[in-house]
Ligand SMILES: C[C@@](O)(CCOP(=O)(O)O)CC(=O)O
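Given as structure tokens, the chain that follows is alone and in the form predicted on its own.
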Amino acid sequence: MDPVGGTAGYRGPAEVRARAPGKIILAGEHAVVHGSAAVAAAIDLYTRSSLLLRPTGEGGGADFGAVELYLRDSRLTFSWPCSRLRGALGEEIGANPGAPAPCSPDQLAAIAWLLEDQEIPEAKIWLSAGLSAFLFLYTSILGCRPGKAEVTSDLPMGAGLGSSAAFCVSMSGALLTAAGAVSVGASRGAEGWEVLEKADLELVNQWAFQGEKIIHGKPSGIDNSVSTFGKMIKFKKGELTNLESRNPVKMLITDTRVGRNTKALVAGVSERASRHPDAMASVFHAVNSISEELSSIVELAAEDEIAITSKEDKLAELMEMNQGLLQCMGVSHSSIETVLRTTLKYSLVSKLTGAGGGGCVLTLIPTLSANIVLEKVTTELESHGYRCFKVEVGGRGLQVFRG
């Protein structure tokens, strides 16, 4: 196959789309840093990336010979002439999709220079990290081939639902499919979405992790792994174990819209652990037990309503205990407590997910719960200015669509 970074002979698909899910932490956040197990799962809220490649020399307008990114949700467009990319990146342009490699300091400096004239709105300065990851992934996988990428997402930004990982996974999936570096498997959904082979998903995951490193510095790799492979995973001391949920699990996610500083929250837990080592060791041990038990419960098959209700009651109790321990760690927030009180009025159990200090809260929706209850609690939560999403937990990971 001709090099995808070249200007002729490209025989890949003209347009590809990819979608990758967000994630939630069901149990174990914060304690995982101190050696406890944690459980994460994909949710059916997606980030979608599409890619339309153009032959070099097409058009002749403003987008002639350019790499363009359109963020549909923000209605922002960014464009870089291919000649400018070559001039800035030079030998750093890889077009070697089969060999994921970290972004070098020289690449990062060149990419920062490429962003200087993009006039990023002051209110959206956080976009810089995402744009840097995009330029790195695009030029590393496709070289300087002209094209237009478009991104849209169901996921709120910075709320602990893995929005940056879903961006990196969906974009990597679209770029690698366009490069002909991955092939689809036998599974095709009713809407035409296709699943990649496991080895190809591994390649996507490795590239997405490199993008995550640009955005977050030292990510755990959990978010991109869940977004790539889907379903549920247990992770402990760097080891991942795939979990298979035997029954549907549904959650109401409440985004409090309260921003938080994840690094400060993590540091705060560590400081509390240093002040009260014995007490906090007991807290972390208890969280580990909750994560281990939750892992076992989700894999049990419940065959009838009584068994399903029993299983969900146990999950609810574990979530409730985990939330109490997170409060012991000092990472709750008044907005989170408001959600807890509101859902408790309707006999529903909730816990924060992710860093805490704001962000999102999970509420377990029992299978036999009446729709009117869900409508009432959602209405009350939204009256506080929160956003609510009903999701199914543990679904598929990355999927691609070739037009």
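One rule holds for the numbers: they count along the sequence shown, beginning at 1. These numbers were taken from a predicted model, which means no experiment stands behind them.
Quick note: we don't show the form predicted in complex with this ligand, though the next part is all about it.
S.K.: Within 4.5 Å of this ligand in the predicted bound form, counting heavy atoms only, one of 247 to 255, 196 to 204, 211 to 219, 286 to 294 shows up; tell me which.
M.R.: It is the stretch 211 to 219.
S.K.: Which residue among L51, V377, L45, V32 has a heavy atom within 4.5 angstroms of this ligand in the predicted bound form?
M.R.: When this ligand is considered in the predicted bound form, the option within 4.5 Å is V32.
S.K.: Taking 4.5 angstroms as the cut-off for heavy atoms, does T262 touch this ligand in the predicted bound form?
M.R.: It does: once this ligand is placed as it appears in the predicted bound form, T262 has a heavy atom within 4.5 Å of it.
S.K.: How about G354: is it within 4.5 Å of this ligand in the predicted bound form, going by heavy atoms?
M.R.: Yes - in the predicted bound form, heavy atoms of G354 and this ligand come within 4.5 Å of each other.
S.K.: Please determine whether V266 contacts this ligand in the predicted bound form, using a 4.5 Å cut-off between heavy atoms.
M.R.: Yes, V266 sits close enough to this ligand in the predicted bound form that at least one of its heavy atoms falls within 4.5 Å.
S.K.: Would L135 show up as a contact with this ligand in the predicted bound form if we use heavy atoms at 4.5 Å?
M.R.: L135: no contact with this ligand in the predicted bound form.
S.K.: May I ask you to list the residues of 161 to 175 that have any heavy atom within 4.5 angstroms of this ligand in the predicted bound form, in sequence order?
M.R.: Those in contact are L161, G162, S164.
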